[in-house]
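For reference, the chain that follows is the form predicted alone, supplied as structure tokens.
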């Protein structure tokens, strides 16, 4: 779920002591595009692991932080539960996490226009300008099914993590962040 690493520049800027980032994604192509477009000058600090994150054997208590942008909406409830467990197991005590996802801004008066943008405009833009890419065609459907980050936040909390939820852009995106307590009981 590392995608193209849009947030890595901000991580390196905010935390100048980061020695390396382990980017896990199921798509080698996605990583190659990321390295060519955004990260040529820091490729020595980014280790790519091609892996299905839900089947990953990442070392327990090994990560200072876990981040993901816009990959969660494609997961079922069962897959979200596996991911919450993986986040909890992978983080070091005191480690932090942050995930953001496109969401359905129920109750927002501009919601119909936002939904039109997701369901109609993005797929049209994709067909015309991105020549065969399938990234945007399903965003509206995935976002409808996902709702918002609340369900995933509860799963993280059930794994013993400290959790904060945030709405962005009137709820068009929602985020969850927090940390693994220093006294977290590492569960099997």
Ligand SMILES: C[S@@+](CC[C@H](N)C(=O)[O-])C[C@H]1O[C@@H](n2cnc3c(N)ncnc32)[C@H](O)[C@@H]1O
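Positions refer to the first chain, counted from 1. Keep in mind that what you see is a predicted model, and the values were worked out from it rather than measured.
Just so you know, the form predicted in complex with this ligand exists too; it's not on screen, but the next bit is about it.
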property	result
Contact stretch among 115 to 123, 152 to 160, 27 to 35, 58 to 66 - heavy atom within 4.5 Å of this ligand in the predicted complex	27 to 35
Any non-hydrogen atom of residue 46 within 4.5 angstroms of this ligand in the predicted complex	no
Contact of residue 3 with this ligand in the predicted complex (heavy atom, 4.5 Å)	yes
This ligand contact in the predicted complex: residue 93, any heavy atom under 4.5 Å	no
Partner contact for residue 97 in the predicted complex: this ligand, 4.5 angstroms, heavy atom	no
Residues in 67 to 93 close to this ligand in the predicted complex, defined by a heavy atom within 4.5 Å, in order	69, 70, 71, 73, 75
